[in-house]
Each structure stands twice: as C-alpha cells, then as structure tokens.
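Presented below, as structure tokens, is a lone chain in the form predicted alone.
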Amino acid sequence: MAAQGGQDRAGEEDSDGGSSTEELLLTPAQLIRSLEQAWLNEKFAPELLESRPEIVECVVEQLDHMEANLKQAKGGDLKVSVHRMEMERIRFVLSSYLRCRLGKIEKFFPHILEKEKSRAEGEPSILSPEEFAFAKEYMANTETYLKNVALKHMPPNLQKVSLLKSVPKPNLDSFVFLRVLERQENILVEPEKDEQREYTIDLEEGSQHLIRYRTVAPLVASGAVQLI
C-alpha cells in the first residue's frame, strides 16, 4: 500500500495476509476521515469491531510522507507549524484507536478468541495478525499466572477454571449515541421490558439517536451510522 499522486490505496486483507481484488483509492483527507470514523466507532462500541489494518497502514505511510515534506520546507514558515500540529493530531487519533482495541482485547480476550475460532471461512477477522498473536499470548500468560498464583494451591477438583465463564462478555445491550450517515428503514427495535412489543423505526440521514447497541451493530459495521 503506497501513496501515489497524493492519494492512498487502502486494500482489504484477508486472514492469510493476502490482498483482495477490491481496493479503495482515497485522498489523504478521506483517509483521515476514515480513521476518525473507525476511532469513534471503536471508542464507543461495547465490543471489539472489525480490524482495519489497511487504514492504519495507509495512515502511517501518509505520516511518513508528510514528515518527509516538512523536512524539505523552509524553517520559520507558518505552514510548517500548522502541518506539524496536524500530524500530531493524526498520531493521537491513531494511537488512541490502537490503544482502545488493545484495551478491549485485554478485557474480553477469551470471547474474542472464541469468536475468531468459530469464524466462518471467508468472514472478515476482527483481529489483525498482530492483535491475534497478542490475544493468544495474553491468554496464555493469564492462564499461567492463575495456575502459579492460585490454582496449584487449591484442591485438585478446583484447579481448572473456564476463562470463557469467568471473564464478562461485552454488554451488547448498552445504549450508544449515533449519527445516521445513510437513511435506514424498518429497523427492528427489541422491547426493553417483557410487557412491551417489538417495533420498527426509520433512521433519517443526519439524525441523532440514543439506542441499544445490539439493534444498530450491523449498521455500525456497514458504515451506515457513526457512533458519537
């Protein structure tokens, strides 16, 4: 993935590291907007979302390109200071996005690895290769720590623990704020109480809502709505 002619090529990668035949050609401004959208969705979603390594890779390349241009600029130029501030802002968003993902992996690692294990062939992975390696190592270290510190000192019938049962799952029923980017019709909303009935709503483009995450999770994944 390289920046060419002021544009960045963001290609989707499969779990084996190969590129698909479809690639997106983005301008630098569109690339940064894509990063910001992925960052906000990841920040406010209760679960780990699909990995976007193509965006991360292209943003890193864009930052390298901007850094190279700044080195050639004249010292004392106001534009240099403005561009450097923008670079620091982009680095903050990128770092925050990656830290947020790592935090969710540490918090929900058994469920994330189980979901990855049961992923159907051809279904996109929610983990990048580096995140997958980190999650497996984190789980192995957690199991070793529990065994050495606590389990080996307990009776034999209590020396096994299921991390899937012990670690809480993401709360998909939590409520989120969102902005609608594409109009959606007949969205099924599940009742909050047993005595209530299901009902459908239409989401108008540009409108904002407070709604249960489980209801709009597919729309977040498709990019039809933006968490805020």
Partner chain sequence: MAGERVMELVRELHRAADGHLPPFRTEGLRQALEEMRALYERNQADVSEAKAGRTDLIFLIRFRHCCLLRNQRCVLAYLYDRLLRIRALRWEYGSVLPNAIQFHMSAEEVEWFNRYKKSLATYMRSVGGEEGLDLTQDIKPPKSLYIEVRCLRDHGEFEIDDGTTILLKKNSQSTYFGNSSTHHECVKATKESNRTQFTYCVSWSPLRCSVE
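Positions refer to the first chain, counted from 1. Remember, predicted model here, so these are calculated numbers, not experimental data.
Not on display, but discussed next: the form predicted in complex with the partner chain.
Proximity of E131 to the partner chain in the predicted complex falls within the 4.5 Å heavy atom cutoff. For the chain shown alone, E137 is a contact residue for the partner chain in the predicted complex, at least one non-hydrogen atom being within 4.5 angstroms. Remark: K117 does not count among the residues lining the partner chain in the predicted complex, judged by a heavy atom distance of 4.5 Å or less. The partner chain in the predicted complex comes within 4.5 Å of no heavy atom belonging to E123. Of the listed positions (L172, L181, I201, V161), a single one reaches within 4.5 angstroms of the partner chain by any non-hydrogen atom in the predicted complex, namely V161.
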